[in-house]
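Let's start with one chain on its own, the form predicted on its own, as structure tokens.
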Amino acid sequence: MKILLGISGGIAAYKTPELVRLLKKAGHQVRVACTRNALELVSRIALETVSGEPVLFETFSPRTHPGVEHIDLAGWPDVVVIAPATANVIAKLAGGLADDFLTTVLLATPAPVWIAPGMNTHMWEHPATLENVRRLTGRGVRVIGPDSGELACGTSGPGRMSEPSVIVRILEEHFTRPRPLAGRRVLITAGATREHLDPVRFISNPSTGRMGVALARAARELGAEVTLVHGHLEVPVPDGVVAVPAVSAMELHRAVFEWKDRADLLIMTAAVGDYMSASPAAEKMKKEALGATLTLQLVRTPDILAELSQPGNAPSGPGNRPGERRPILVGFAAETAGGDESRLLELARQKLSRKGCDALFANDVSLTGAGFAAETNQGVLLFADGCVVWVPQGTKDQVAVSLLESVVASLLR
């Protein structure tokens, strides 16, 4: 694997020759780009000796070959690892700034990016840094660490860059793990639908699409060809995923039925509105004409998951008769069980029975860290054969991987 190591100006930069050595020992090609400040903390000669490549840090240095240096380097790696990633470089990456050689390369690279933060505890825990990290993870950037321990400034706490051996192990585990969805086509719905009352008003819900996007990203990394049919999203669509926008429940219904026959697995994560206006106004309704109260006539939207599960739409499999193929169906249910796991399981069983899908994941949105817009999730995955898998709280990326691995093991063997 071709790895570009980006080094920024944190004290942990002194550990990077060892990181380069371990990566090369594992069989990877390694090139190094760094900031000027990084070279105040680690020897350029040491890095060039262990990597066998020149260290690049000058935006306007004389060209060593035809072409544009930072663009050529940005297209070279299979993965970019920034270690240490200082608060400054994290902020620049989050804001799309490119004011030196390293950040110019980062803005231009199509490769996946991993960061190993390293900084003082107060800098790590500053709301600006935490928000920048959230923005980056929402775009698919992976984070290793930081660890807690004694820091160079004499204090102790979180902010210490993970050890080179740990960084290498995590990268190896990620890129060498099995890809059980290779050759499979996965269709995922995500985000909130909007049911317009008139051109400027609509009924919707608080879904941000984070869980569905996390599933799309995880399915892609597990080897699948992924299509994401989405309503309103507050996070970007992952690279390599086909995006199909759908504003309303009816639009999402049409898109799902258009794409379903191309999928082996369909995961209905979208928060689809249950009701829509019986007669949306063509022009903005004026409140002066409406009066002090407004009565709306709402009608039910299509139950997409239940329709997909109707007889004649059998799951994909070798025993299907012509015309009976459908994807494996996994539903999602946001429930309010008040933290009662037995109640959540019963609600999941009832919904699984009503919907007729092959599996259903239910989360209790009354719990902190499991509701809309949260960075984390947890819940129960229930299969039609009665198998129950409790998924502990983790980031939505972690939960997505757990869910897909369980679905693959049970339904796509």
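Because the structure is predicted, anything quoted here is derived from the model rather than measured. Residue numbers run from 1 along the displayed sequence.
One more form of this protein exists, namely the form predicted together with a small molecule; it is left out here, but the text below deals with it.
Worksheet item: Of these, 384 to 392, 340 to 348, 353 to 361, 37 to 45, which stretch puts a heavy atom within 4.5 angstroms of the small molecule in the predicted bound form?
Response: Of the options given, it is 37 to 45.
Practice prompt. Find the only residue in 233, 144, 73, 123 having a heavy atom within 4.5 Å of the small molecule in the predicted bound form.
Written response: None of the other options qualify; the answer is 123.
Worksheet entry | in the predicted bound form, the residue from 89, 81, 268, 224 that sits within 4.5 Å of the small molecule by heavy atoms | Flagged contact: 89.
Worksheet item: in the predicted bound form, do 8, 100 and 119 all reach within 4.5 Å of the small molecule through at least one heavy atom apiece?
Response: Yes, because 8, 100 and 119 each have a heavy atom that approaches the small molecule to within 4.5 Å in the predicted bound form.
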